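As a starting point, one isolated chain is supplied in structure tokens, in the form predicted alone.
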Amino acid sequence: MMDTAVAPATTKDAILVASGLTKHFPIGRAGFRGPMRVVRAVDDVSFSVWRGSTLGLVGESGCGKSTLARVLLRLTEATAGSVIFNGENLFDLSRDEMRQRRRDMQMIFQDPLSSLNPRMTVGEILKEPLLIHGVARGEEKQRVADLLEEVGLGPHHSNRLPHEFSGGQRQRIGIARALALRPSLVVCDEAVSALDVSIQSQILNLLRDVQREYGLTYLFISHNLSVVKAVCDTVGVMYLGRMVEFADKRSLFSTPNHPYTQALLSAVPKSHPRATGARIALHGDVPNPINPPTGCRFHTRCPAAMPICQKMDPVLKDIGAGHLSACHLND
């Protein structure tokens, strides 16, 4: 089991604390009378998010980042664990109570076109959460106009349909919808990965601007480490459903501890033509989450694997100054 006492919430104001978060998807039995098989999408993950900060979650595709985000917001029910948001355990809330809390927790999706109703105008899309939650009654039209201006669009865009906008403009609409209820936590699930590099920069600047204006907290999910380095304060690295390293941005990028993190960072293109550093190649495929390896889940691809890695699951522990890593090299 991973250590659930991850980031100490006593030193800063934690808006969200996840402990032992687990999500297994049953997929049927192995044979007629075989045991029930499950996909271990998220397996005993713990971390804290400081109020007003940006936490980045990184890892290869399929490592459980997006599933973790959906479990945090209870869009997908957890198998085990707890999520304390603003001092309240979300898993103890009824459906109606959770609906009220969702005013404070919003999400920006990777593909804005598929997340926007194609039959509704932009004005109707932005007005919908206000009507559902009874916010700004009688002032919905003005609130929609204000939201569009906040994200770099204009009130005249409210009568247009989503397909009439570019990808960057659609993502601005997605951001406006997330801001409509003035939340305190926004989950950005690969929010800029589908955009051109120049548009990415504009959207990231917009996210920073609204964060400063409203004191937002971000959970920023991405596979692009360059983007994570630019916008995040702390970074969690996931591999096959587990958190393998967690640290502030400066510590993680300057002195990565876990071999998996080191391999990911070695693949980031260098900004200076004279920059040195050999790329660490990871051989083999990511193991099947239905039947993950015993011991350390990374040992089948780790260039520094030792015999103990095949037998014992390393604990995510503090190796100094709040830098957490799950690796037997630290024992």
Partner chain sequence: MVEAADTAGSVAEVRTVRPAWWRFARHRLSVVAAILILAVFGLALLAPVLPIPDPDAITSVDRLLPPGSSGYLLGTDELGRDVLSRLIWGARISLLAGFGAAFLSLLLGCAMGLLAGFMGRWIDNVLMRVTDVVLAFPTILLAIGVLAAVGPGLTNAMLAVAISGLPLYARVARGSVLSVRELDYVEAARSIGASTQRIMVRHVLPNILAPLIVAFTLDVGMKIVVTSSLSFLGLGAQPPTADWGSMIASGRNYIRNAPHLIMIPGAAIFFVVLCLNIIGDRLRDILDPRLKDL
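Numbering follows the first chain given and starts at 1. In this text, all values refer to a predicted model and were calculated from it rather than measured experimentally.
Beyond the structure shown, there is the form predicted in complex with the partner chain, which is absent from this document and is the topic of what follows.
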query	finding
One residue of 225, 192, 107, 90 in contact with the partner chain, assessed in the model of the complex (non-hydrogen atom, 4.5 angstroms)	107
Residue (of 196, 164, 149, 97) lying close to the partner chain in the model of the complex, criterion heavy atoms within 4.5 Å	164
is_contact(residue 84, the partner chain) in the model of the complex, heavy atom dist at most 4.5 Å	no
Distance check, residue 116 to the partner chain in the model of the complex, heavy atom within 4.5 Å	yes
is_contact(residue 301, the partner chain) in the model of the complex, heavy atom dist at most 4.5 Å	no
The partner chain contact at residue 155 in the model of the complex, heavy atom, 4.5 Å	no
The partner chain in the model of the complex: contacting segment from 229 to 237, 70 to 78, 212 to 220, 251 to 259, heavy atom within 4.5 Å	70 to 78
Joint contact, 297, 311 and 331 to the partner chain in the model of the complex, by non-hydrogen atom at 4.5 Å	no
Within 4.5 Å of the partner chain in the model of the complex: residues from 167 to 204 (heavy atom criterion)	177, 181
